[in-house]
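So this first bit is one chain, no partners, the form predicted on its own, shown in structure tokens.
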């Protein structure tokens, strides 16, 4: 029969000598629901495109192409991707460059964005109050532009 667990676990090497004693961490019985807040966005300009994973890739690509092709529009756009959408932002920029046969140039900058999550207790009757947690996530900002004619 298995022995009941003690609050301290002891690691041993093959010779049976105790190496370290580490306390077992007990979790609070109150369960929390994770609510992710929206990230802080850069100022929204007409030529900014925020890429996400929910919108169709072709729709995002055609939106970028329309912005670049419009005669009254800007000669550059800035594509922003956060977290999982970084790969998609890079793919969109490379597709735009390939479809222009090298006429477009790219300038990429990376950054780290601080995100805030809310932890709300599952049962509002329990004695737990909402908590906040901050975490960091990677971001990319790609400037896609036509170079100035020399």
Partner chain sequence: IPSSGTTHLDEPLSRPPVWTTLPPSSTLKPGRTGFKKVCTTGEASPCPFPGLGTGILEMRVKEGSKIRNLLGFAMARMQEQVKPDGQVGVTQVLFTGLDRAITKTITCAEIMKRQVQGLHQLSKLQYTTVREVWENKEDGRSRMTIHRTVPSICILLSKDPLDPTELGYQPPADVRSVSDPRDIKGERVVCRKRTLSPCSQSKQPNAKKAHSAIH
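It should be emphasised that the depicted structure is a prediction, and the values quoted were computed from it without experimental measurement. Residue numbers count along the first chain shown, from 1.
We do not show the form predicted together with its partner chain, though everything after this point is about it.
Exercise. Is residue 107 a contact residue for its partner chain in the predicted complex, using a 4.5 Å heavy atom cut-off?
Worked result: Output for residue 107 is yes: heavy atoms within 4.5 Å of its partner chain.
Exercise. Using 4.5 Å between non-hydrogen atoms, is residue 94 touching its partner chain in the predicted complex?
Worked result: Residue 94: yes, in contact with its partner chain in the predicted complex.
Problem set entry | Proximity of residue 70 to its partner chain in the predicted complex, heavy atoms at 4.5 Å | No - in the predicted complex, heavy atoms of residue 70 and its partner chain never come within 4.5 Å of each other.
For this session: Answer for residue 122 alone: is it within 4.5 Å of its partner chain in the predicted complex, judged on heavy atom distances?
Result: No, residue 122 is distant from the partner.
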